[in-house]
Each structure stands twice: as C-alpha cells, then as structure tokens.
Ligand SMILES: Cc1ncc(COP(=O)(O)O)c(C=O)c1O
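Given next, in structure tokens, is a single chain: the form predicted on its own.
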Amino acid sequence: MSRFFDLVSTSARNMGSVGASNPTPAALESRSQLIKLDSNESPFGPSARVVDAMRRALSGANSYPDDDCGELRRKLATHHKLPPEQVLVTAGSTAMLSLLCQTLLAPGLNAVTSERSFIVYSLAVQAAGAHLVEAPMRSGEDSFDLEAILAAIDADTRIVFLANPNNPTGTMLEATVVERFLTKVPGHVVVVLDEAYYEFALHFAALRKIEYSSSLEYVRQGSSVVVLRTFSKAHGLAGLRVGYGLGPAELLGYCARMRNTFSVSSVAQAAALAALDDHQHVQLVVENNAVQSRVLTQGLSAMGRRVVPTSANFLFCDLGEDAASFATRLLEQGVAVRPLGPWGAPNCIRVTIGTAEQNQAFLEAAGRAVARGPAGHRASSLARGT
C-alpha cells in the first residue's frame, strides 16, 4: 500500500493518464528534428499577425489577465451572433469539458459517448466521480451508432458527448443527422457537440457538397446543447490553451463558478483576438490540409493500408498489424504518429496531416517500416542490444 493511497479520492485512484511518458535526454536532444504528426497540431503555427499580438501582450505580463476574458468573449459573441452570456472562454476546450462534468455530474450519475472517441471524455467524467458509458460504433464501420448512443441513455445520464468530427476516426455527422438525434434526446440530458476541428470539417463539407453543422442554431433556439470550439487546431495556438463553449447562459454561468481564477493568460487572449480576424491564414491551413489529406491517403493506400476518409486534420489508418510496433519503427526514423491501442484499435494509427515536406518524409519512413516489418524490427533491436 502506497503512502497516499488511503488519502486521495476514489476518482484519483481509479483514473488513468493520457500524458506521454517522461522523455529521455536523447529524445529531448532530437526533439527539434522530430516530425511530430501525433497530436493534431497545425504544421504552420500561428500567423505573423498573431505573433505580433503576442509580442505586444508580453509587455503587460506583470499584470493578471482579464479573468472574464471580456474583450475576447464579446468578440466571439459578435462573431457567432450570440449574446456574450452564451460564451465562456476557457484554457482550451478540454477545460470546458472538465467544467461541464464538474457542474453536471456526481457519483451515481453518468455521461454517454461512443467507443473510440476523444479519450479526455473518460478522464473528465471520472474526475467528477461519475461513470462514462461508451456505446458501440456501427458494426464494421468507423462511425457513431447514434441509435446505440440513444439506447445507452438512462435516468442517471446528464451528458452526451458527440465529437464531430470524431477524434481519432476523423468521421463526421451531417447536420440533418445531428438534428434528428437531438429531437430524440430526453430533456434531462445536455448534448455536448465537440467541434474542435470545425474549420477543417466545414471546408471538407463544402468540397463534398454536404452540410456539416447547424450547431449554433440549436444554441440560439435555447436547446440543451453546448458547442465546443478551440484555437488549438486551425489557428495554430495549441501551446497557448484557449478554447470556448457556446450554450445556454444559465448553464455556462454555473460552469463559470467552477473555473480556476485567471486561467486564460493575457498572451493567449491577445493571440485569440488576433487569430479570429486572420481568415487568410485559416484558409491557407484548411486548403493545405485538404490537398495533403489526398496525398497521404493515396500513399498509405498504395502500401495496402486502409485509410478512413477524414473531415479533420488527421487520418485514421488501419495497418493490419500491431500499431505500437509500427509507431516505434517510425519514431526511430524521426517521425511520431499516434498508435491507437488505448482507444481499442490496436492495429490502427492516427496521423496528423502536415506540410507537403513532412508528409513526404512520413510516407518514406512508413514505406521503410512496412518493408522491415515487426520481425525486422525485432532483429535490429536485438543487434543493438535493446
């Protein structure tokens, strides 16, 4: 029995972790050369306009930030045609997830989502002392079974999480499908529409001539819906941690009471304000993403690997072999991807769509990893004495 086992909460004892292991000195030394395609980050980073805004904000770093994120909140409200009280800015959309769980859940209650969805849902629900129910996906497919999600809802359910597009599969629910689903959800349940990859999905939907999302209409109508957005993806601000929720004013008011004080830095707020106006940069990012998604899909398919059509900035790829071993062989060549064993897909990886140069390097490394195979990897490891 460890020293603090009996002192910490049951939730803390039972929770797992999604954090990466501590890097070795060798890994830290080579990190600057690593082609990092494992975390769905923007390969372009923030725009020059945003960098300038951050530099200007640094001169005020001796002062605490605006706790209410007032200017950003008002600008987001205008941008989305909502009153400011229906906007809550948080330290990334994951912080908004935690606030919703702390506000709506408790021991004995549950939240519902699909299997093979965003892994932070489980952590946020467990931290609130509640239980996450994962409905099965469609048989033989990589998309949500909304009827199965509805069937999993019971009297103790308070939240349903729908990641749209879903992480890690990249699959998208069309607007009409979501609307039909919402009409069937009972009144004691809040539906969280997690649209972290909104800008990418909107672009793909336009190319495919389908309607992606009507989520803000549900918010305007007063539905029990909270929409999550973030500046971490298309805007390239993952390192600053700034996201937001759009939903019923009363519910967001309760969530705001649970928020950490000064949780969104002044630099992050300044960056988000500038990023919101930089439509040209976002257009560059989403257009590159659409083009390079085809390059990666064709390259992986030519290797005999199955790739799911994406609506996000990453690809879900079924390798037909152990993904963790494959990812290790790639890492030895300086390319990081995400093996999906913790999501219940041990033969699959998630690959961030990078620049043309990054994607070419990944495909070349993947080709060598395929040629070596698991047996070749074991032989080379033994030769090195590892």
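The shown structure was predicted, so the numbers you read here are calculated from the model rather than taken from an experiment. Start at 1 and count along the sequence shown; that's the residue number.
There is another form of this protein, the form predicted together with the named molecule, and it is not shown here; the text below is about that form.
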**Asked** So which stretch, 191 to 199, 302 to 310, 100 to 108, 138 to 146, is the one near the named molecule in the predicted complex (non-hydrogen atoms, 4.5 Å)?
**Response** 191 to 199
**Residue among Asn167, Thr157, Ser265, Ser122 with a heavy atom within 4.5 Å of the named molecule in the predicted complex** = Asn167
**Item:** Contact residue in the predicted complex, from Ser93, Thr113, Ser215, Asn289 (heavy atom within 4.5 Å of the named molecule)
**Value:** Ser93
**Message:** Under a 4.5 Å heavy atom criterion, is Gln269 part of the interface with the named molecule in the predicted complex?
**Reply:** no
**Any non-hydrogen atom of Ser293 within 4.5 angstroms of the named molecule in the predicted complex** = no
**Prompt:** Using 4.5 Å between non-hydrogen atoms, is Phe118 touching the named molecule in the predicted complex?
**Reply:** yes
**Message:** Considering non-hydrogen atoms and a 4.5 Å limit, does the named molecule approach His80 in the predicted complex?
**Reply:** no
**Neighbours of the named molecule in the predicted complex among 203 to 234 [non-hydrogen atom within 4.5 angstroms]** = Thr230, Ser232, Lys233
